[in-house]
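Quick heads-up: it's one chain on its own, the form predicted on its own, in structure tokens.
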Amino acid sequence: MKTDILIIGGGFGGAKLAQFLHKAGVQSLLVDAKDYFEVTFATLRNVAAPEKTGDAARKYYKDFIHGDFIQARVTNLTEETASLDNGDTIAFKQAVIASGSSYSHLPMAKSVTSLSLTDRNAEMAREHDKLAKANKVLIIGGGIVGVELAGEVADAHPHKTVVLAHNTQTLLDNFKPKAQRVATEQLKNLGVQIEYNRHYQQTDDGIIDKHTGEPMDADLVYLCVGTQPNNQFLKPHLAHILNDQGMVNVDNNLRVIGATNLYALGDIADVGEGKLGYLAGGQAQYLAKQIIADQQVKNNKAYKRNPLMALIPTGQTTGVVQLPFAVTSMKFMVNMKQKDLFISKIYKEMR
């Protein structure tokens, strides 16, 4: 099999890049282990309150991707070919590594086993059933995912005890102090119990703080830490392009350092900005222009890194917005995402 541009991974960056290239008349092939695209930041509410979004966050690639698509897992990549788990080999002129990252212990966020849309919908239903049966929920990790999950669970299930444990003295590390304070206040207003400087781990004797030895008697535990870059297929021949964190090193044009015809974007790439869906989409738009410039043997300006901006829901009606110049919880801004968690917006952008 041959293609001009091979795109490995159909997340926010990979799927958008496929659409941009198709519109520009550039031949591309998108390969993903799943047969569906998922708006991953909508999955937490999907589990906590499935009646709000249903399964709208997921769609078959075949229903909206305009270019070529193959459901398969890339098992090995060189600078000229990609080997697939179905036995096929794809030769390419250029390849884009957009394989993303995964939570090994939080399947509701990103599944590592449900490769069909039917299986993923069933997996989410099972996760909701587990939550519905629990009386006390422990959420480990006070980053974006942990904060959002705590708010969603506490809002949809006010009679449950929800504990959010973090290993530092403030939630949302690397965010502005005001954003940290606002999110903390909003969670407390929902009844979330926040514990700082905690290092809970699962032992034979139950859940124990490894520093204090104090136990935790939760019925259900969500581990919202420890994302891992999906880089296994790079290690046989391209281990030299990975940094110490397992991400792909890229230059100012998102070209892989140490490879002449490879690019990378999104969570797998060490771009130098936040790991958020809208940023991966912006990288995809830039990279489409870069690839077209390559084909026309023209220079393209460097990719401009973006400051950290985020709209973090803390339940179904509240949230905090961090902008480069301000932090706010104004209703009209929070409600932009609360309407449907940007699901319709994402699919509109994918057309």
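Computed from a prediction, not measured in an experiment: that's the story for all the values here. Residue numbers here begin at 1 and follow the sequence given.
A second form of this protein, the form predicted in complex with a small molecule, is not displayed here; the remarks below concern that form.
Of the listed positions (R73, R181, K136, H128), a single one reaches within 4.5 angstroms of the small molecule by any non-hydrogen atom in the predicted complex, namely R73. Residue A280 is the only one of A280, M124, L172, V271 with a heavy atom lying within 4.5 Å of the small molecule in the predicted complex.
The stretch in contact with the small molecule in the predicted complex, judged by heavy atoms within 4.5 Å, is 225-233, chosen from 173-181, 249-257, 155-163, 225-233. If you check the small molecule in the predicted complex, you find no heavy atom from any of N46, H105 and I343 within 4.5 Å.
Heavy atoms of V31 reach within 4.5 Å of the small molecule in the predicted complex, making it an interface residue. When contacts are judged by a 4.5 Å heavy atom cut-off, I241 does not count as touching the small molecule in the predicted complex. Remark: G141 does not count among the residues lining the small molecule in the predicted complex, judged by a heavy atom distance of 4.5 Å or less.
By the criterion of a heavy atom within 4.5 Å, K110 is counted among the residues contacting the small molecule in the predicted complex.
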